[in-house]
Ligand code: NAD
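Only one chain is shown below, in structure tokens, and it's the form predicted on its own.
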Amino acid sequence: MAEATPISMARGDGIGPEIMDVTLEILEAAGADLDIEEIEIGEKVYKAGHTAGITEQAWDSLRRTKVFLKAPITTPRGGGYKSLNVTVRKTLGLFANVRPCVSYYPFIETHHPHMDVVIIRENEEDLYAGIEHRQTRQVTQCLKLITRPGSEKIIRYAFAYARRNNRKRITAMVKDNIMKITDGMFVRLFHEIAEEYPDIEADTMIVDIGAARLADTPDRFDVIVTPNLYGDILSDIAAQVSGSIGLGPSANIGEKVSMFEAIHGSAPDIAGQNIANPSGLILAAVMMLRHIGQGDVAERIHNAWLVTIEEGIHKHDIYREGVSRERVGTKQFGRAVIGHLGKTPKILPGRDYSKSAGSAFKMPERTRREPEQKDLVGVDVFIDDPDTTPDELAGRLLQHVQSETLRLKMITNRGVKVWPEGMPETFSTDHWRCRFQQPEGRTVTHKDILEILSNCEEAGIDFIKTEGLYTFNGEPGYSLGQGQ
């Protein structure tokens, strides 16, 4: 007999213990073969002095079991407390956030009765790397980090997910018409990897119009893969238009550890009142069971949940006169699901998870790219000066800063070229990007850049950061100023 699958489980805060109790009862009744290690996370742990809301013992459990079923937690306000979800995702490399967004019409009200879309969001990088700086009195920045390995992992996972789940189409949503290097790399990788999956239709869409179409005609989408920030926004849009954000499950998938949770919060205002809807966590447990290869149990639970919805046994948040038959509490809803184990829905599409029965999901392998020739060809020097004009600043840089190796080529302000040949109508703030590049035929070294910075210091020019300008196999690895 195979050994039970070890998992780590946390009851969380607020409504967390209530909905976790119901979920565990359903898992046991359905025959899930689990060895559960309970860990404590959240508010009590924060207040005990752990700023991330998790102890070393909990970390040890997660590394050992590699599967985490998590109820919602409460992060105390103030006090420098860190988001536990962000900490767990980044520490354990949970690179893929997976959110199914499904319509349960006519039992749950929605304008989109045929909606069945999965949002697969990169989970670790992009603007969510959280690298921010205040650089001048007027300007702050947040670095958008898109990496090739991070993009390849999430795109390959999306295609593998689509094939495993009999999905026919993947749409990448990006903003590569503006962010040609960062989002542009994501799109190029998407098209490269799509060629390996000829059975799956692949297309791309600019995220602004994509979000509009997702809100208006979500049934045109199947699987959406996207960088972190866009995915965060799109997944909430999709959950809301499907009918109820409170029903949504979520998986956070890593190469070694994965976490499964409801998408809603801990709702402390209704804790202990037997009115919380456990559906999000129940469906997250279904995702967990499929992930660990217990697809037969996942199918039993999911179909039983669908039958419960069909029969009008509803929690207060989705209860509707004329549609719902019985308004039930948290515990009673769980008992209804247990009572329907072994049944299949008659109106809503039933679930068949036979493909994931007995076989845990295997992560797709990443490829290794041939090394590229990287050459330093210049530097962008960012300068803080609230009292200058583009021409005045250029005059000082030409006279006191540029060298024989690095010549001043351009000044931009907020990404728009203001020198040479700038427009007088362009608004400028105190944050200037000054581009120095080599004359034709000269090589650039770090010593050349240090000379430029030393010249700035001697001229009393306040430089605040630099960015090296590199080419890769002769292609520029940097953006041009708007208007250039």
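Because the structure is predicted, anything quoted here is derived from the model rather than measured. All residue numbers are counted from 1 along the displayed sequence.
Omitted from view is the form predicted in complex with ligand NAD, to which the following refers.
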query: Partner contact for His264 in the model of the complex: ligand NAD, 4.5 angstroms, heavy atom; finding: yes
query: Contact test in the model of the complex: Asn413 vs ligand NAD, heavy atoms, 4.5 Å; finding: no
query: In the model of the complex, Ala276 touching ligand NAD (heavy atom, 4.5 Å); finding: yes
query: Contact label in the model of the complex: Thr74 to ligand NAD, heavy atom within 4.5 Å; finding: yes
query: Ligand NAD in the model of the complex reached by all of Ile15, Lys70 and Asn85, non-hydrogen atom within 4.5 Å; finding: yes
query: Listed range touching ligand NAD, judged in the model of the complex by heavy atoms within 4.5 Å, from 146-154, 267-275, 346-354, 223-231; finding: 267-275
query: In the model of the complex, the one of Asp375, Asp385, Asp317, Asp236 near ligand NAD [non-hydrogen atom within 4.5 angstroms]; finding: Asp317
